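Below sits a lone chain in structure tokens, taken as the form predicted alone.
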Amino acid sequence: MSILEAREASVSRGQRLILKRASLSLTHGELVALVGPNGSGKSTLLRALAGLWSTTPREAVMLDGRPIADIDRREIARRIAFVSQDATIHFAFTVEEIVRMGRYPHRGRFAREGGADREAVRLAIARCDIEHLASRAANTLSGGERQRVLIARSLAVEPEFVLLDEPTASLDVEHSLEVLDLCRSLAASGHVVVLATHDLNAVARYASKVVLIHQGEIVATGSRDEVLSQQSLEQVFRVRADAVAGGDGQPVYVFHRL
């Protein structure tokens, strides 16, 4: 069982320290939500875990006990998929072509496609329920469709860890739920799914672990009830929250300014 972890990882950009001594361990079957105000360090932590941004100390992010900074970039790309919040599709590639790009870490950009590549692409497309879009130009899709295509491209890599930065940002309610249901399904099948989000109601319903980040520091890690307490919501988000039972018994938060 693979483990991806941060051990007191700090990240600086320019002269500014934006992540401070963050520690987090991720293992299979988890759906982990990173929550916190804007600028708290959620995206920074995701990029550090993906090996995209360097940390202090250099060996602060480990994959199976090996510093991620020492691992070949193609191996990282095969094992850790990262979907950025600002990922865009500018050219008129078809959806199937976009998803096939996810196989590059396994075979290189110009190598001939094999049976394993075609099967991985087929499964990724099916998993994200976008078969009907396969021949569409990807730059003509709606926001929700495009998000599922980008996730499908990451799944074509056959990664162990799927890191998503604000995957439901700017999506309507229906498409947000589609993406969150997909995330839950991936975690149930053994993947580690980590998503940064502002949607605390989605966190309450979907996440198996919640990580609360404030001013670059992880201030709490645990279950929904442990982390999203009235005290932490007031201290970190500066709101009061009333938890109301939904029709399925899960809490729905109603927020009020302090």
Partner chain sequence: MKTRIPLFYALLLPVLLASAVLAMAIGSTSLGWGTVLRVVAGKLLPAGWVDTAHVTHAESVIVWLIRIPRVLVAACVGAGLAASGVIMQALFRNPLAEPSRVGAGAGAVLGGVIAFVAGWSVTSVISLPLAAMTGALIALALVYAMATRGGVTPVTTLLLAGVAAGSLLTAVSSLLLSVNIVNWQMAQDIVFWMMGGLDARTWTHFWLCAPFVLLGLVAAMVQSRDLDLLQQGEETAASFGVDVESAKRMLTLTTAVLTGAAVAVAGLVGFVGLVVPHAVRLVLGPSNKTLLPASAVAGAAFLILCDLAARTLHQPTEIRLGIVTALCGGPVFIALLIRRYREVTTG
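Numbering follows the first chain given and starts at 1. This one's a predicted model, so the numbers in the text were calculated from it and none came from an experiment.
Although not depicted, the form predicted together with its partner chain is the subject of the following passage.
Enquirer: I'd like to know if H28 sits close to its partner chain in the model of the complex, meaning any non-hydrogen atom pair within 4.5 angstroms.
Expert: Looking in the model of the complex, residue contacts with its partner chain do not include H28, since no heavy atom lies within 4.5 Å.
Enquirer: Wondering, does R146 line up within 4.5 Å of its partner chain in the model of the complex on heavy atoms?
Expert: The answer is no: R146 has no heavy atom within 4.5 Å of its partner chain.
Enquirer: Applying a 4.5 Å heavy atom distance criterion, does V173 contact its partner chain in the model of the complex?
Expert: Answer no; every heavy atom of V173 is more than 4.5 Å from its partner chain in the model of the complex.
Enquirer: Would K209 count as touching its partner chain in the model of the complex under a 4.5 Å heavy atom rule?
Expert: No.
Enquirer: Can you say which of 224-232, 44-52, 187-195, 200-208 gets within 4.5 Å of its partner chain in the model of the complex, counting heavy atoms only?
Expert: Looking at the partner contacts, the answer comes out as 44-52.
Enquirer: Identify, from the list A169, A134, I89, L141, the residue with a heavy atom within 4.5 Å of its partner chain in the model of the complex.
Expert: Of A169, A134, I89, L141, the residue with a heavy atom within 4.5 Å of its partner chain in the model of the complex is I89.
Enquirer: Residue by residue through 146-161, which ones have a non-hydrogen atom no more than 4.5 angstroms from its partner chain in the model of the complex?
Expert: Residues within 4.5 Å: R153, S154, V157.
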